[in-house]
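Only one chain is included here, represented as structure tokens and corresponding to the form predicted alone.
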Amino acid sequence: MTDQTKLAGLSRRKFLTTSLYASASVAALGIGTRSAHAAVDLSGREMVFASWGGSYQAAQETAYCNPFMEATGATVIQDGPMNGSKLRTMVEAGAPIWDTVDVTDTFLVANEELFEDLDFDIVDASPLDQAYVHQKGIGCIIWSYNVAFNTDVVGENTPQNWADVFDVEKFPGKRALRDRVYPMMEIALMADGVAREDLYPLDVDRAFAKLDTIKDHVIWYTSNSAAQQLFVDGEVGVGVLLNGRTFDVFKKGAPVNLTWEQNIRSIDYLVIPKGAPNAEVAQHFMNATVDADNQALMANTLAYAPCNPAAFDMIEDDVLPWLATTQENADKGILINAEYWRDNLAEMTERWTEWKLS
């Protein structure tokens, strides 16, 4: 039995509301509370939406883009996948082709200069949990990195934590890990016995030493869609996969599941690149994503937790146990420290690249 199967009957209101960026709270921004802004007529106008592809972007198209197009008459063009280097190059060249982009909280906090301020005369952020409102972006989902596994490959003795993922004798074969310095530093340290509450500041040398022990057993992936395929095909038995991506293949019948132990939560934000050609349309799109119905549809499609508390009343019972923000799931994990990565991302990414090539 995996952790999520134990959570049936959990209160819809019993979810974590972690305060992240007090300095960027609505109160600090002077937004206040007000009713949702009405949709405007944007017939004949368009914007380009870039996200992470696969089932995730398809769900966003259904939950956010299609309702926005129906309500306003605007056209939303899908593009991607999101790539941080590509995004920076676009903005620094003064020629972004994306109008709204889905980014992680760590990327947002570390690269605030790349994004337009939100216009809160257009974007009514008052329905959201204010922990997920930033001057440069609107939280759209809360998700987590989880220990995932293919039950056909590993059998009944499934991995329970990151130490098991690093144990090549207990779980022989390849493992799928994210080709990104975060969260691999956190994962390696927890696998080496560091307690969740003692992770930060990260002991980087210890993390790389731990990663050395499994380097030859890893298939590194850069897209979550590719990671899903690795697990579904049984090319890997264990590894890291996002909770929503695991839910997606699980509900489609694949022998893939997860554990919530030592999960690493994060938040995705929708942002507008500085100089975006259709920034005004993008501001109205941001406003539409706040809607509770749309956020509930997103959660029911792919099991990523909403940032609008009202959406929880519309989440299906069989989806709730898969959400990273239920109290039981949140208690087993950590929230990634975006401020740490704001201060260390550039240096750590360089070291990550050097380690990969060594």
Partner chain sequence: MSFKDRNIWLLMPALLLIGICFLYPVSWLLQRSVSEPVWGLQNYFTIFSKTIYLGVLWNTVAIAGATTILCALIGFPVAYSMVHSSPWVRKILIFSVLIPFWTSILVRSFAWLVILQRGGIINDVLIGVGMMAEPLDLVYNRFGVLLGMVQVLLPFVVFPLFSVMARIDGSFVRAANNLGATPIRAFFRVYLPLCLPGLLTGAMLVFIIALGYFITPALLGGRGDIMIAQLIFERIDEFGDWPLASALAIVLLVGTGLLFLLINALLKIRGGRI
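Residue numbers count along the first chain shown, from 1. This one's a predicted model, so the numbers in the text were calculated from it and none came from an experiment.
Same protein, other form: the form predicted in complex with its partner chain, not shown, and the subject of what follows.
Residue contact check for Val240: none of its heavy atoms lie within 4.5 Å of its partner chain in the predicted complex. Although the partner is absent from this view, Tyr200 stays clear of its partner chain in the predicted complex, with no non-hydrogen atom inside 4.5 angstroms. Residue contact with its partner chain in the predicted complex: Glu235 places a heavy atom within 4.5 Å of it.
Taking the partner from the other structure, its partner chain in the predicted complex has no heavy atom within 4.5 Å of any heavy atom of Asn157. Exactly one of the stretches 211-219, 254-262, 189-197, 115-123 approaches its partner chain in the predicted complex with heavy atoms within 4.5 Å, and it is 211-219. Between the options Val249, Leu230, Ala131, Val76, the residue in contact with its partner chain in the predicted complex by a heavy atom within 4.5 angstroms is Leu230. Arg88 is the sole member of Arg88, Lys170, Arg206, Lys274 with a non-hydrogen atom within 4.5 Å of its partner chain in the predicted complex. Heavy atoms closer than or equal to 4.5 Å to its partner chain in the predicted complex belong, across 315-350, to the residues Leu345, Ala346, Thr349, Glu350, ordered by sequence position.
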